[in-house]
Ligand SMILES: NC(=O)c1ccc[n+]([C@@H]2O[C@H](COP(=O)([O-])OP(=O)(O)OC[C@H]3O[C@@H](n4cnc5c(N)ncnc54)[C@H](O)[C@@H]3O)[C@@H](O)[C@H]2O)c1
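Below you'll find only one chain, the form predicted on its own, shown as structure tokens.
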């Protein structure tokens, strides 16, 4: 038996959180090209509008919504607006997330000479990290996925089901140096994805996740390139550990996204986390 088709999301509405970012703006455009109507949610209204304008300029249909994903009341209000504007909610892409300098160490490895914070230094060693830094990162990633899922999946549960795609990370598989809170939070996203997949399995709601490897975004660009645009030492280490020897292009996540959103292609796929990482997670270094 042969199966041949192209992803067709005509008539479906996709809600994309973090829709103004580098990756999720590409997600929004790709879903629209497959026929979905897009509700673009972002903390910054201008960012959401940029994405929706790009979708509309390409022949799609999108509307922007300024939204703090950590405020459930706001999410509920926006859900009602989306239902009024679009008529349904069929797909949820939980793309909101990120790290904070307040939850980032200056060193990859702690040594004896690092034990004392230099006076006037704005860099942190492990012992300097404050709970509020971790709380910010955990809330943004874990609650920033949980709360939209609670709000938008409630509609799905009452109207025949839907599809949820979370954004995990390579950090969930192999924690990266310097960013302990982000690594732990993304591991939590992967675990939450599996839990939700089981919990919703009787209501025709599938929950899966994409785990991107290394892509250049607004959040990490300054860590990967210096002021002159040259690769940093951290970039050199990343590329050396990535068998394909380069960063990913956001467009290279689209195939996986569309596969997970396509009820024909992935109707029996539930509770998985798919790495898209150029071989990073498979490489031992030797």
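The model shown is predicted, which means the values in this text are computed figures rather than measured ones. Numbering follows the first chain given and starts at 1.
There is another form of the same protein, the form predicted together with the named molecule; it is not shown, and what comes next is about it.
request  = Given the named molecule in the predicted bound form, answer whether the residues 67, 140 and 220 all have a heavy atom inside 4.5 Å of it.
outcome  = Heavy-atom distance to the named molecule in the predicted bound form: all three under 4.5 Å.
inquiry  = Partner absent here, but in the predicted bound form, which of 255 to 263, 54 to 62, 35 to 43, 227 to 235 has residues with a heavy atom within 4.5 Å of the named molecule?
reply    = Answer to the contact question: 35 to 43.
inquiry  = So the named molecule isn't shown here. In the predicted bound form, which residue out of 200, 155, 215, 86 has a non-hydrogen atom within 4.5 Å of it?
reply    = Contact residue from the list: 215.
request  = Answer for residue 95 alone: is it within 4.5 Å of the named molecule in the predicted bound form, judged on heavy atom distances?
outcome  = Residue-level check for residue 95: yes, a contact with the named molecule.
query = Any of the heavy atoms of residue 168 lying within 4.5 Å of the named molecule in the predicted bound form?
reply = Heavy-atom contact with the named molecule at 4.5 Å: present for residue 168.
message = Can you work out whether residue 9 and the named molecule are in contact in the predicted bound form, taking contact to mean some heavy atom pair no more than 4.5 Å apart?
response = Contact check for residue 9: no, nothing within 4.5 Å of the named molecule in the predicted bound form.
inquiry  = I'd like to check something about residue 23: if you look in the predicted bound form, is any of its heavy atoms closer than or equal to 4.5 Å to a heavy atom of the named molecule?
reply    = Within the cut-off, so yes.
query = Can you name the residues of 170 to 204 that have a heavy atom within 4.5 Å of the named molecule in the predicted bound form?
reply = Contacts from 170 to 204: 182, 186.
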